[in-house]
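Let's start with one chain on its own, the form predicted alone, as structure tokens.
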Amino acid sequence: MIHNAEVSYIPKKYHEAVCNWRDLYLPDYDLLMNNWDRFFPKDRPFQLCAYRSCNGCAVIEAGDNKGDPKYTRAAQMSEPQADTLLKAVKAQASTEFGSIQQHQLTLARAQDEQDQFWILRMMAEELRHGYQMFSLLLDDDWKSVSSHSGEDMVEEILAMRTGTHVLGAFNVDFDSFMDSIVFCAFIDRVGKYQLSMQKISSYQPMAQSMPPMLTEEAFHLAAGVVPLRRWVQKAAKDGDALITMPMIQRTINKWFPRALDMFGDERGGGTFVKFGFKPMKNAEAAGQYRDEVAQVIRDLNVRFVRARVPELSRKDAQRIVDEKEPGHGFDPEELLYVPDVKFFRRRGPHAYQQNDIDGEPIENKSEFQRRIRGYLSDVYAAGRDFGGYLKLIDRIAAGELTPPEAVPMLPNLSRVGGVCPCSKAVRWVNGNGNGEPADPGEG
């Protein structure tokens, strides 16, 4: 168990429903359990349960009611507060289950057994994080202050598939194991920011859920960054065609815009701060995230340069990277970079704008589509997610839609076959596949 945390379980029928969901979307779970001590001998055994930290501040730390006692029950909140919090819990839970469905697509393609088991552990812990959110939905009476019940939301979340999740990043198919690694390094980093902000939540059960999740989230980031460090060093060596810097860059270009979208519209977030659920608005959090990503990219570039020119000190390599200094046995254009915040966005003030990787506008639609394909992998550019994006761009160019109208119109990527009957104990419902409409004022 996690140190200084209480352990609890959701009601039996929902616990069994999660286990049945796990059997379908995480079929290698037993393999992980059987090999846990081999790959993670110093770590506590995995447990499917809810943890709540016994520590933490007992008074509201941000917003209009700062200094008041934190809410311990839903009935202590107003209906707008409860509805706002429920949407956040639903989105969080959806990301956890959605991530597992995405990683399962490429888990078998790992080139390294350790990388594979690291991703597998991450998937199991994402399952526990979803379970943690279910405990928040099921341990309280939300119907007293909301039009939504916790039970209905649990059933809806368990019925979601890739294409019907709340946030766009979790509706994108993985094309290769590189997606798994870059996803952990960049998308899970957004998760770290969201969990860190929600650690001060005015709803005490939410705040108490965050420290154990953050402990596990640190491993998820490592499952992305550590392999990337090895890969850039391999890419620096001539003749290693399995991993190249352009391949890594194209995968970053695919996921970084989706990561920014996860923060919500940059003009919003005020309601979460007002209600004491988070300490920062969307723009501030996204800005800090981008700065952190820039440091990750810088570190990867320094490792690439030192692998290409081993005699360089780290200080000299950092200077070469920062100045893009030529003449050291590599082309500065080989280095990785952070795409502009205006590139390939689907939420916020830059949603569906025709901007290049540097944020510069491209007026001609055909030229824009040609250029944006060049920034992405051929496999992804030929897929349905990118195809859905281009269709919305076409409709905007034709005057059929405005960018704000296109924001909630995520492509429905549901697979044929209907809803998965993972449990006879839970009533299953279909998701609508349209995501949540984005309010420019909140996001």
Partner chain sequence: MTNGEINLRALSELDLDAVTAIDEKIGGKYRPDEWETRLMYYLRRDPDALVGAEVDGELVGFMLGDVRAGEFGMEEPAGWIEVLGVDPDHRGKDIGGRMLQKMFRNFRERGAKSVRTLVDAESQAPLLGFFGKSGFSETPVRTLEQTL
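What you are looking at is a predicted structure, and each value in this text was computed from that prediction instead of being measured. Positions refer to the first chain, counted from 1.
FYI, the form predicted together with its partner chain isn't displayed, but the following is about it.
Its partner chain in the predicted bound form is not approached by Pro27, whose heavy atoms all lie more than 4.5 angstroms from it.
A residue is said to contact a partner when one of its heavy atoms sits within 4.5 Å of a partner heavy atom; Val226 meets this definition for its partner chain in the predicted bound form. Among residues of the shown chain, Gln295 is one whose heavy atoms approach its partner chain to within 4.5 Å in the predicted bound form. Its partner chain is not drawn, but in the predicted bound form it has a heavy atom within 4.5 Å of Asp43. In plain terms, the part of the chain that comes close to its partner chain in the predicted bound form, with a heavy atom within 4.5 Å, is 310-318 out of 310-318, 102-110, 134-142, 351-359.
Contact annotation for the candidate site: Thr215, Asp299 and Arg303 all lie close to its partner chain in the predicted bound form (heavy atom within 4.5 Å). Checking Arg189, Arg161, Lys281, Arg345 for any heavy atom within 4.5 Å of its partner chain in the predicted bound form turns up a single hit: Arg189. With the partner omitted from this view, the residue of Gln76, Gln233, Ser149, Thr244 that lies near its partner chain in the predicted bound form is Gln233 [heavy atom within 4.5 Å]. Residues of 108-130 lying near its partner chain in the predicted bound form, listed in sequence order, are Trp118, Arg121, the criterion being any heavy atom within 4.5 Å.
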